[in-house]
Ligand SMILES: Nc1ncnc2c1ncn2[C@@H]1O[C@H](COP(=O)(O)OP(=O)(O)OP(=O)(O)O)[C@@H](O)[C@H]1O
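Next up: just one chain, as C-alpha cells, the form predicted on its own.
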Amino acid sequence: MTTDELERLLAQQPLGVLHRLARGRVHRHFRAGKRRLIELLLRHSAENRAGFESDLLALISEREARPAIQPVRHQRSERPKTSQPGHRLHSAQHEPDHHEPAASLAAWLEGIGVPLPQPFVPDPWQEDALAKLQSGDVIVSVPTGSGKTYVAVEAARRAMDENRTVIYTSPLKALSNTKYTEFCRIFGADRVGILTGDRRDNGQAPLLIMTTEILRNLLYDAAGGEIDVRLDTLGLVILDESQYLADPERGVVWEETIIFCPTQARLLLLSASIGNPHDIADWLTSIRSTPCHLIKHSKRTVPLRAGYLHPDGKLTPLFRTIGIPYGHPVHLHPEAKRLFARYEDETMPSGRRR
C-alpha cells in the first residue's frame, strides 16, 4: 500500500492499537498523542514496510475477531487456565486467532535464486540523489542491498571527470581495504589511493579511501597548516555507514568531520539504518553553506525472509507470513511451532518434560 493509504489506515485505528504497534519501534510512545504517534510510526515504517504492514494487519484482524470470541468465553463455567511456570515457548495460548492460512514452504521459497542477467537501469531515487548533489549535500537512507554503492561510484566518477578530488570514508579498516580493491577494479589502480593506520598507498590519487578518523585528523592538520593531502581541490566527501553519528563513543568523529569539511566539497552520507534522517538533514542545512537533500527509499530490493531448519533437515517458514512481521515474533508458523516442540522433547531433560 502507498504511504497515504497506510496513513489513512492508521488514522482509522483506536489509540490502543497504535500503541501496541509502537512497542519496540517508538521510544516512549505512551507519551505521544494520536496524530504524533501516527507520524512517528510512518517514519519508522520506512525501515521495514512489509513487516510493518504485516503487523498492522495482524493487529486489525485480532481486534475484529474479539467480538465473536468474547461471548463464547463468558458462557464457559470454568475459568481459563493460567500458564504454568516453565511453559514452553511454542505455546499458542496467548496468540491471536488467524483466519488466513499460513504461508506454504513452496510460497516461502518462491523467487529465491540467482536472477537472470539483464541490463542495469538506475532506480529513480538513484538518479535523484545524483541530481541533488549538483545543488547541495545529500543523505541517502535506503535499505541494505538497494544500490547505495552505485550512487557513490557514479558521484565519484563525475567529480573526478571535473578534476575534483574525492574522499571515501568508512568506519572500519577492513571495509576501507575492501572498497580500495573494488574501486581499483572500477577506476584503475593509478586513480585510487588508500590512507589508513596500516596502509598508505598512492596518497596523491584523485580518489582516496580512508577511515573516518583519518579524514578527521587530516582536517585537523589542515586547520593547523600542516597537511600533505590537497584539500583545495576536494569536490566530494562520501561518508559510508553514517549511522555512526549516533555512536556514543565514535559519533563525535563523524560530527567533527562534517563540521570541518571544506565548504566547496559536497557531502554524501550513506546509510541503511539512520533512525532520524530528517533531523540529520536539517542539522547539515543549518551548519553548512548549501542545503542538504534527503533521499529516502523504503522498498527492499532484496526482501528478507526468516525460516527454521530443524536438526533433522526439515525446513519451514518461521512466521505465518512470507515476510518478517517485525515487532510480533509470536506469529509463528504452525509447522515451526511443531518442530520447536519436537526439538524440546528431544533435548529437554526428562524431569522437565510435561
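Predicted, not measured: the structure shown is a model, and the values here were computed from it. One rule holds for the numbers: they count along the sequence shown, beginning at 1.
Not on display, but discussed next: the form predicted together with this ligand.
For the options 196, 126, 217, 165, the one in contact with this ligand in the predicted bound form, meaning a heavy atom within 4.5 Å, is 126.
The contact with this ligand in the predicted bound form, taken as any heavy atom within 4.5 Å, belongs to 149 out of 177, 149, 135, 276. The stretch among 261-269, 203-211, 117-125, 186-194 whose residues place heavy atoms within 4.5 Å of this ligand in the predicted bound form is 117-125. In the predicted bound form, this ligand sits within 4.5 Å of a heavy atom belonging to residue 144.
Proximity of residue 241 to this ligand in the predicted bound form: non-hydrogen atoms within 4.5 Å are present.
Contacts with this ligand in the predicted bound form, taken as any heavy atom within 4.5 Å, map to no residue of 188-204.
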